[in-house]
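What follows is a single chain, given as structure tokens, in the form predicted on its own.
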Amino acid sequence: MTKDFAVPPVVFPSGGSSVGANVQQRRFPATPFQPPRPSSSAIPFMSFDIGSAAASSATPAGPFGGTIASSSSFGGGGSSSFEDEEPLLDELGIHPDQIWKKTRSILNPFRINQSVHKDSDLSGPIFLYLALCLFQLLAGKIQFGVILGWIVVSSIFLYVVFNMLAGRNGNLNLHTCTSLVGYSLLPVVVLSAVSLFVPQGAGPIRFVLAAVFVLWSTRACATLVVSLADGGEEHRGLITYACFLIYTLFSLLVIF
């Protein structure tokens, strides 16, 4: 059995022009306009030959009067400029030769050279502080903050005591006090290193060693303070007592 479907008639237009108007054509995007590139650059100072500039020390760069100089025209190259620069430690204010001279002057408690300590610095005291903390760490004592705090308090204590004794004549500043206290800490650092080899049960030996090194530090610090500050000779006894108290506290950290 078949079924008939009603198909509407198809009507074609008679003219050909209307067909082209109704049919939508696909257009491709046009290429953007690009101006033609010249064969040679129009900017004079950007057109130069690298090979010719490297061969000569200076090459004229056009009507602007500029020159392109090579590295050989700057004082014979870059090697000489590095040689003229100061060492990095000197730029940072760290002078190892002065630190060694000041440390060596403390090693002899009977002949302390006061002239090398006129220029105070904190590089040597920081090095001795780190050395003391390292030896204490080897002994099983973590005292970085305690030692640093005691150094600061000791410097302020010595500064206040001396200026109260000297009055208006006192010319000892806090920076110099910190430097002297730090460098005079060297015997305590040696005590901390020696105590690593002394058994814990040998109490009298440890106390005798501590007394010797405390007297060493006290003599060094008191001598430097009296010689570098005005009016210190009149109050040598009180200054020595203040220094003795300072280094006794540091020795207690090493013993106990």
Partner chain sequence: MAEMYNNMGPQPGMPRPPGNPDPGPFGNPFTGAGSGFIRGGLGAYGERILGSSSEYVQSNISRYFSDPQYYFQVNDQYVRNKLKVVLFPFLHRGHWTRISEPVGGRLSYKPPIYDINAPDLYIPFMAFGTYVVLAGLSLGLNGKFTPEALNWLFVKGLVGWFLQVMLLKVTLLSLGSGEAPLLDIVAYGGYAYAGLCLASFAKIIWGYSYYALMPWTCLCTGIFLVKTMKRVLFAEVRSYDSSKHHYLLLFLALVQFPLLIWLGNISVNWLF
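Keep in mind that what you see is a predicted model, and the values were worked out from it rather than measured. Numbering follows the first chain given and starts at 1.
Below, we refer to the form predicted in complex with its partner chain, which is not included among the displayed structures.
- Does the trio 88, 102 and 179 actually contact its partner chain in the model of the complex, every residue with a heavy atom within 4.5 Å? No, the whole trio is out of contact, none within 4.5 Å by any heavy atom.
(Q) Given the stretches 113 to 121, 180 to 188, 159 to 167, 94 to 102, which is the single one in contact with its partner chain in the model of the complex, using a heavy atom cutoff of 4.5 Å? (A) The contacting stretch is 159 to 167.
Could you work out which of 130, 174, 146, 139 is the residue within 4.5 angstroms of its partner chain in the model of the complex, going by heavy atoms?
If I apply the 4.5 Å criterion carefully, the residue I get is 146.
Quick one: which residues from 241 to 256 get a non-hydrogen atom within 4.5 Å of its partner chain in the model of the complex? 241, 242, 245, 248, 249, 252, 253, 256, in sequence order.
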